[in-house]
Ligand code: TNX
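Given next, in structure tokens, is a single chain: the form predicted alone.
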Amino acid sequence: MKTMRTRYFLILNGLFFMLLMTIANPSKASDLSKAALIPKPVSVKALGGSFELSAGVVIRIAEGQPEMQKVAQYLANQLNPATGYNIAIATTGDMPASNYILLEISNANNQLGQEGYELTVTKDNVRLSAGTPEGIFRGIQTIRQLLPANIESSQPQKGPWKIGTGTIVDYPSYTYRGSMLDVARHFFSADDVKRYIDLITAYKMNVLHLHLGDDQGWRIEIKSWPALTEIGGSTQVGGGKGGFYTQEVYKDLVQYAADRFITIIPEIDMPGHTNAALASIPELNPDNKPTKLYTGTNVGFSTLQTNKEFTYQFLNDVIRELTALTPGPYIHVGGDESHVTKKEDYIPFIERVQEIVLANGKLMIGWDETTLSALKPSTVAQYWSKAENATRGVSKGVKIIMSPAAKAYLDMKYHPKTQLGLHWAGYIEVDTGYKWDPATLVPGIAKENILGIECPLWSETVTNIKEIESLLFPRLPGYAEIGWTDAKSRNWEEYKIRLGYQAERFKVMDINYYPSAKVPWKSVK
């Protein structure tokens, strides 16, 4: 009997695996339900036919919508290199019978919200509708994945360019879906940051958190305090030359992100993680003498002087200039690992900085330690380390960003033999990074308490974009799905099949990904 049960289980398991392979096989362009989409949509209804993107196709939008013109041009720019077409953008005045992509603002479906969309594909045309240009933009990322992987190529490729017919209705589970890039420990160029933006864009993320100030480097020009970049921006971990973003370069990054509906959130960590500032501005120190520049990786040894009025004048200048450069609603003030700041000094410091941020017209985000202070309901706490800090924040009425280090830190190694990364929070293989639910991870933190999720990448061990990519991929798509797709629709056994079919797309996009043995990687011919 036991042998028969075992055989029965193996047969069922095999059938389940075959079913998953069928569901996820994106080579079946005529069946929309078999597309290996990440994040997984809310609903997919297939009709069994296909639309072929062919020469002469036109992208159509309504007249008098300048933001939609930009979105339509983005779509054309995505499709033109690989297809070799020069896709025109036209208005909806004289609609042809076929061979067009219609991008339409419509409020017919009130489920869609700010970022949702409805995609309808027939054999004659593609219709993408949403209540906002942002929703249209998210739907464009789905169109990219519905087309063959070589649509991502920068050089002309052989078609055909087919999409299965049917309807997709889709909208996100969380409003905040982000990733953090630490440019303070190692500096990365503006082009590298744009590459990072493009990678998170492809999986429908909407926030880039930039860690701009730490012990090892100060990376943003503050015109009222030029020494911050002249001195604090001059080095990095290991003693390299460092670097910084001028305000013009930073504004260009903000605009590049905004064109992709990505909000940039700048972070200046304080009162700890501040040695670069302390080395640049002598008056920030108790004896008015600058500290030495630091190129190591230890934490917790630095602090601003919380009892000096000069400190708050300096911080107001920094936050004022950052506010002028950053149209998004948030300024991140760090607040973590300030081990040498006495608790009785730390608490009033955070409260005063919160007032400075609010006075400059922004909302404050801080790491979970900031919940020791009296926080306004508009403030957001980012859970990374201690659950009791996050639940304390909930009790004070603040929203939580879920970034648990043991689940979501992209700088953790995949396993002990991985070359890059750290492991103080544990090893995070692809399945470990995917198999958790923000709304059930910590007792006392429910979905209604959560603003969203973020996967941070600290840069102690990475020095270039290809090293960054190896830690980002293949984990990033999973974090994007956690933020977008309802937990009830997520399953690791099914997800890993879809992820496996992303291999060819990674290759065409020149992504240096880690080929985890946890994933059945597939090449679609």
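Bear in mind that the values here come from a model prediction, so they are computed numbers and not experimental data. In case it trips you up, residue 1 is the first one in the sequence shown, and so on.
The same protein has a further form, the form predicted together with the ligand, not shown here; the description that follows concerns it.
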Which one of His273, Arg219, Arg138, Arg177 is close to the ligand in the model of the complex, taking close to mean a heavy atom within 4.5 Å?
His273
Glu52, Glu467, Glu494, Glu460: which sits within 4.5 Å of the ligand in the model of the complex by any heavy atom?
Glu460
Answer yes if any heavy atom of Asp170 is within 4.5 Å of a heavy atom of the ligand in the model of the complex; otherwise answer no.
no
Quick one: does Ala190 come within 4.5 Å of the ligand in the model of the complex, counting heavy atoms only?
no
Does the ligand get within 4.5 angstroms of any non-hydrogen atom of Tyr117 in the model of the complex?
no
Does the 4.5 Å heavy atom contact test between Arg185 and the ligand in the model of the complex come out positive?
yes
If we take heavy atoms and a 4.5 Å cut-off, which stretch out of 284 to 292, 333 to 341, 103 to 111, 75 to 83 is in contact with the ligand in the model of the complex?
333 to 341
Residues from 413 to 435 in contact with the ligand (non-hydrogen atom within 4.5 Å) in the model of the complex:
Leu422, Trp424
